[in-house]
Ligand SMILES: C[S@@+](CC[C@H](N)C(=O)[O-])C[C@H]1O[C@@H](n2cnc3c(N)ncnc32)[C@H](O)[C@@H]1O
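Only one chain is given next, in structure tokens, and it is the form predicted alone.
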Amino acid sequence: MHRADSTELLEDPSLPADVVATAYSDLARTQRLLGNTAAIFRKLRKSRIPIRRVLDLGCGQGALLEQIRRKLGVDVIGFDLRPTPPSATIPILTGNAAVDPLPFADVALAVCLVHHLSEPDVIDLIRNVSRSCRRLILLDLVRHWIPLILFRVFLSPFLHRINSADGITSIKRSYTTRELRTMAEEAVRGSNARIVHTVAPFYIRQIIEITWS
């Protein structure tokens, strides 16, 4: 399957605020159903260094960070291309995480973000994170026919219309396990970083965890 070169409906800046809020709320529920939220919490709880602050890149409206703050009792901050919504209960900075200065944090998250980026931007994102964080947990989809079929049959009919369409596009835009691993290795080449790459059954997600000493 060739990587799709298309945008997603939720990337449209002209979408009404109420539609965006509804779609993000439904997306947060989908992340929980897929087990992605639980996978992030497992990674955070297994940290070998104390976590005082978590940075979420491409945080949307901050649903994941709200859960992290509530369950782990740590400081949180978001970073997103969209301006902070008036309803936000956590601090969210606006900017491009691949090139703009990032706030300092013990760990940075990027959940279903990198399939929106080109290969050079993924590499730039990882290098940018290394300047302000010691650890990056990058969770994303896998471009493979198995998750595409599973999504169409078992999830798509029950989602908000935007997320239903975007989910299919996202899988087609995502990177294979080999592609994402290669980008991560290129991004940290010459550094002291350690990479751990895991892939879930049926290719429903992949996680690249990078730690800089």
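From a predicted model like this one, the values you see are computed outputs, not experimental measurements. Numbering starts at 1 and runs along the sequence shown.
Note that the form predicted in complex with this ligand isn't included here; everything after this is about it.
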For this session: Kindly indicate whether Leu27, Cys112 and His116 are, all three, within 4.5 angstroms of this ligand in the predicted complex, using heavy atoms.
Result: yes
Problem set entry | Location of this ligand contact in the predicted complex, chosen stretch of 53-61, 145-153, 174-182, 38-46 [non-hydrogen atom, 4.5 Å] | 53-61
Exercise. Looking at Gly95, Pro103, Pro120, Pro91, which is the one with a non-hydrogen atom within 4.5 Å of this ligand in the predicted complex?
Worked result: Gly95
Exercise. With the cut-off set at 4.5 Å between non-hydrogen atoms, does Arg134 touch this ligand in the predicted complex?
Worked result: no
